[in-house]
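One chain is shown next in structure tokens, namely the form predicted on its own.
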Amino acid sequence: MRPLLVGRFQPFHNGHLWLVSRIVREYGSIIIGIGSAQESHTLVNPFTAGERQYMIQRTLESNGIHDFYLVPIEDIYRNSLWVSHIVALAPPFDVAISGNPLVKRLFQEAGKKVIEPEMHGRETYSGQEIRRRIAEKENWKDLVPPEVYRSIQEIDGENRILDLAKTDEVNK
């Protein structure tokens, strides 16, 4: 059985690594769908699909995970076609793994088996929290694998997020 995990991975963090490691131990391999692949350079999606792919690949290989396939998935904004869009892009998969209610619903309606994963440290390990900490110049390094931290440093990702957090509005 081959599983598919879809997420934005903005950025890939220790909770993601924990989950992927568990999935690979159970199933032997994983397909990772990098969602909203067309998005970058916003506070919600600061990193490009290629940058996220690089972060994930470096992290998994450094952690001894080699049986994975990364699939960038652009948004199509048509929920009724979304699963067939993924099926057209990804290698064959038997089960979708997601905690997102809409994602689960769409896969179920398309006749795919869906498993809701156990979350590890969800209150701490979240892309939103990591991006917030970067924007507020707080410590975030311990929330991501070392390979992700180095990747963000290499692309000047901290300064990208700091710039994106700026506003040109005048405080009144």
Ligand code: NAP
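For every residue, the number given is its place in the sequence shown, counted from 1. Source: prediction; values computed, not measured.
What comes next is about the form predicted together with the named molecule, which is not displayed.
Pick from 103 to 111, 24 to 32, 55 to 63, 138 to 146: which stretch has a heavy atom within 4.5 Å of the named molecule in the predicted complex?
After filtering at 4.5 Å, what remains is 103 to 111.
Might Thr48 be said to contact the named molecule in the predicted complex, defining contact as any heavy atom within 4.5 Å?
Because no heavy atom of Thr48 falls inside 4.5 Å of the named molecule in the predicted complex, the answer is no.
Taking heavy atoms only, is His41 within 4.5 angstroms of the named molecule in the predicted complex?
Output for His41 is no: heavy atoms all beyond 4.5 Å of the named molecule.
With the partner left out of view, is Ile76 within 4.5 angstroms of the named molecule in the predicted complex by any non-hydrogen atom?
Close contact exists here: in the predicted complex, Ile76 approaches the named molecule to within 4.5 Å, heavy atoms only.
Evaluate Phe93 for contact with the named molecule in the predicted complex, applying a 4.5 angstroms cut-off between non-hydrogen atoms, and reply yes or no.
No, Phe93 sits far enough from the named molecule in the predicted complex that none of its heavy atoms falls within 4.5 Å.
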